[in-house]
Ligand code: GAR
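Listed next as structure tokens is one chain, alone, in the form predicted alone.
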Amino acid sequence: MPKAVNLAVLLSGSGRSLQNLLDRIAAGRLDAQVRLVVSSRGDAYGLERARAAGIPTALVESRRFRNFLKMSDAVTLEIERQPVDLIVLAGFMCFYRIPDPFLGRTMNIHPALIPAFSGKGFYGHFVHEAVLRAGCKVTGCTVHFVDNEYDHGPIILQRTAPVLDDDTPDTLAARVFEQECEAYPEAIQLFAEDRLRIEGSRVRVLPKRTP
């Protein structure tokens, strides 16, 4: 049985992705434990979700920092207080510079099929609006290891969602989020099972070991 992987979850908003992970853990479908939740906003509802689950929280408010490097250092300092194996970005709306020890141990999920509709400025509804403007028939989500560029780094897995003729950004976002709720736990579980190998710009998923 895989060892439970210790997570630090970084967020800025509602914490829906955090709640999805907590629900999967509670149901015995994800071998993980959330050790810390860090928010860049004091009014983020994700902090309330964490406190309700008895998870330690830290507030590193982006508005207090003029330099993203100093904010990144403050976030890292909080993470280093806990026994964290994997950093999970879950709607963290600030650029986080990954410290060297966590390169290859930091994941993000993006609401599009990277490299399409990704990079600085492509977040939240801006992504779905761009997908609709482009007339795409398919979109989806991407889980990737984070490097120090926006929406960049080796792709772990992707899931697709159809774009319907009568979609709005809201309806499309909801459909993509359904796929995110499957993709992120799947990627974290692969990490917990030690089945991910970074080979240059690609990620190899190893076969599941038999007992």
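The model shown is predicted, which means the values in this text are computed figures rather than measured ones. The numbering used is simple: start at 1 and walk along the sequence shown.
The following text describes the form predicted together with glycinamide ribonucleotide, which does not appear among the structures shown.
The single contact residue among I79, M71, L86, I109, judged by any heavy atom lying within 4.5 Å of glycinamide ribonucleotide in the model of the complex, is I109. Here the chain stands by itself, but in the model of the complex one stretch of 118-126, 131-139, 71-79, 96-104, 118-126, has heavy atoms within 4.5 Å of glycinamide ribonucleotide.
Proximity of R16 to glycinamide ribonucleotide in the model of the complex: non-hydrogen atoms within 4.5 Å are present. Within this chain, E186 is remote from the site of glycinamide ribonucleotide in the model of the complex, having no heavy atom within 4.5 Å. Residue contact check for D151: one or more of its heavy atoms lie within 4.5 Å of glycinamide ribonucleotide in the model of the complex. In the model of the complex, the residues of 176-209 lying within 4.5 Å of glycinamide ribonucleotide by at least one heavy atom are, in order, F177, E180.
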